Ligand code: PFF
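In the block that follows, a single chain appears as structure tokens, in the form predicted on its own.
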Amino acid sequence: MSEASTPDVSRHGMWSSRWLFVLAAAGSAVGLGNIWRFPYITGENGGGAFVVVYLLCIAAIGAPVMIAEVMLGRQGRQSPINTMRALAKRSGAPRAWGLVGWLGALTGFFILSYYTVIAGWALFYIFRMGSGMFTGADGALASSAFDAFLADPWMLAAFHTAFVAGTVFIVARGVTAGIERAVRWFMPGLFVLLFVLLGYAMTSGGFGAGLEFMFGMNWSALSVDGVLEALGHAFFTLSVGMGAIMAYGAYVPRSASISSTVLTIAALDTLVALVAGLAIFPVVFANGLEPGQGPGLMFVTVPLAFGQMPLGALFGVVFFVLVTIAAITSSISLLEPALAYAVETHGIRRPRAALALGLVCWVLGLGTVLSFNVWSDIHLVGQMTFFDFMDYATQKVMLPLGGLLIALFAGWVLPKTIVGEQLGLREGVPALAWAVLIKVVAPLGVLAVFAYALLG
């Protein structure tokens, strides 16, 4: 592929503007982890001290790898699989580098298979909160209600099916009519709902405690494990290593600045996570509850907290609508890499490819559904259920491996002419800083994430 033959337009369509790409990529990055995990680990690891370290990790590792993914995508203008094949050939590199695209697409697809199950929980809780079930409820009721839900495979499968169907419907319509139109409405809606919840939290009586939990500058609480957690979250939160950002990068206009756009996305992702914490924890503290971690926070503690407050059922519904929006904007990005490849390589029409891939995803997701009930005693490796194994393989092995290989390819294999063309970095301090970050700092950081994920 000569430089002159590099296409300016993807066959799948293009983002209408830089801001639509920002919203789409931010939607991919903002997911379930932003709503419950980031606020919790911030509070547990020194508050403001953790945020400072996290922002440094974003700048040194997360953003450079994301910039590399967008750059590769925009240069290739194809699915991640075909982009990596073409760029490896153009770089005179071994064909094995093309497998990086396969790794990303498969990682995203496998994550999607269980992500839609968990997202289905949030969808179900919109109706559960709206029913008034948690108004005046105690902890035993909130916990037993969640346990009973997990024990019902038919109910889990129903909401998993609904979420897969919604994802397929949006992606089948294409980049402009489907994904872009969805994020054009969903992302502004997400920000509005988030700040509505923040305003409600400010009247809860626990806002001072939530603010101190999230932003108190407690350096003594920041351990080595906390630093590694900041490093890991800086990498995982931006959706790098799973093909989604490379696929979205293929639709970015040539005129858009990749570096400034990625920094804007990282800032929005961080803002959502921090504001989510300020919206959740004041409500939790106002009711004298302890902040839990994981599903225990989102599906037990938060419903219980809203149930104790005036208009709690209404704002509980708002909260789970917010979580569902965050999940759907992530899920559509996870399906796009595999779908783009099917359309390009096999000539399958987009709606048919979306339906076929959605069906495979749905079937795989049933393994996760059953892991919480019928198959809970079946272990694939060690004590891992089907869901545990899928989560471990993708989050602890495939994602960091994909991010590491992308950094190495962009830093050590890709011709400097492409970097200069895509990023406008040809010489001087900015070019040197990019080289150091992508060749040395980011790979070492991702290796640390890899080691911590496997051993920590």
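Residues carry their position along the shown sequence, with the first being 1. As the structure is a computational prediction, the values presented were derived from the model and not from experiment. Throughout, rigid core stands for the largest set of C-alpha atoms superposing within 1.5 Å between the two forms.
Keep in mind the form predicted in complex with this ligand is missing from the figure; the text below concerns it.
Though this ligand is absent from this view, in the predicted bound form it lies within 4.5 Å of a heavy atom of just one residue from 368, 204, 330, 75, which is 330. Of the residues given (401, 32, 419, 55), 32 alone sits with a heavy atom within 4.5 Å of this ligand in the predicted bound form. Just one listed stretch, out of 283 to 291, 331 to 339, 189 to 197, 164 to 172, contacts this ligand in the predicted bound form at the 4.5 Å heavy atom level, and that stretch is 331 to 339. By the criterion of a heavy atom within 4.5 Å, residue 244 is counted among the residues contacting this ligand in the predicted bound form.
In the predicted bound form, this ligand sits within 4.5 Å of a heavy atom belonging to residue 239.
In the predicted bound form, this ligand stays beyond 4.5 Å of every heavy atom belonging to residue 121.
With a 4.5 Å cutoff on heavy atoms, residue 115 counts as touching this ligand in the predicted bound form. After superposition on the rigid core, displacement of the C-alpha of residue 76 between this form and the one not shown stays below 2 Å. Positional change of residue 41 between this form and the one not shown reaches 2 Å or more at the C-alpha, relative to the superposed core.
After superposition on the rigid core, the Cα atom of residue 387 is displaced by less than 2 Å between this form and the one not shown.
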